[in-house]
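Single chain ahead, written as structure tokens, the form predicted on its own.
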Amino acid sequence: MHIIRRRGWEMPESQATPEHIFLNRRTLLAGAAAMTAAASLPRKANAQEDPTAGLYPAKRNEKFALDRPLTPENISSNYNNFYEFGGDKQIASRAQMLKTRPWTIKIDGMVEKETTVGIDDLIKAMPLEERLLRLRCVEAWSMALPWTGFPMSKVVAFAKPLSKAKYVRMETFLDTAMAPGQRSSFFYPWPYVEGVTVEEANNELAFIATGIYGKPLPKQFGAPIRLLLPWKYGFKSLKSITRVTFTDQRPKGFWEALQAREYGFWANVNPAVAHPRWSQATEEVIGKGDRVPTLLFNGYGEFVADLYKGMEKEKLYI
């Protein structure tokens, strides 16, 4: 079936974060720097702990437009999957246990030189931009979110992989004292791992997020750095990345290791292929309650369809 997707129109200015909020935030940061830690309010202290806070908001990349309103921040901030902190959606308060500084990312495997980079150095070295992107969960719900970050291709260029590297394997932290969900080691294959091909990583749509709603990532969103592959189901969106490995062996992701029949490597959104336990033909738009048709590749076929030529008969969701 030929799907006509209308895109490219500008979002109403009312949906952008008001300028006075950002200006006030910068004022608070400046004031916090001049005050003692004991006198700082919690909100100021949180901002002060992140040396990159002054880089936000970043300029919006208008190439990535939306066909629906943004999900309100108060809704998306309280409806999160982060299994390291529990299996329910209301993990925002528990996720505050996540310690995001100091934070380093190890880059290894089939690269010219293995290295470990601090998160603040990496963010400051990257060209930050804002993208309005759809997020589609394999559970058949969706959101529209204003992420800030940089193309994943920049990480590939930074790592300088060898020509024989075919895949990028990524993993999150492993700290059972900090993350209560990771204490379920008997059932879940911790740490959380995901992987993509190097070709997918270099696609212009693949994105590394370090912020949202014009500010650094809150902890429940996967601070301080997470993966976004908008044409794939959300279980591929690895949170709190600590290691990036280039390899010639196809990685087995967290959910594939747990249940390969239901969650596999490709994970491309495909309304024609049902999950073994439910349909993927429609999705619920969180915050509105509407059900809308699911689009192949989550509506991003113009960016990624060429990656999968010759694979049309495969169950791309696995």
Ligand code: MTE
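Quick caveat, the model's predicted, so the values are computed rather than measured. Quick note: we count residues from 1 along the sequence shown, nothing fancier.
What comes next is about the form predicted in complex with the ligand, which does not appear here.
Contact with the ligand in the predicted complex, defined as a heavy atom within 4.5 Å, holds for exactly one of R169, R226, R131, R134, namely R226. The partner is absent here, but in the predicted complex a heavy atom of S237, alone among T245, T71, S237, N203, sits within 4.5 Å of the ligand. Contact check for T210: every heavy atom lies farther than 4.5 Å from the ligand in the predicted complex. In the predicted complex, the ligand lies farther than 4.5 Å from every heavy atom of T197. When contacts are judged by a 4.5 Å heavy atom cut-off, T100 does not count as touching the ligand in the predicted complex. Though the partner is left out of this view, N80 does reach within 4.5 Å of the ligand in the predicted complex, counting heavy atoms only.
Only one of 136 to 144, 108 to 116, 159 to 167, 121 to 129 lies within 4.5 Å of the ligand in the predicted complex by heavy atoms, and it is 136 to 144.
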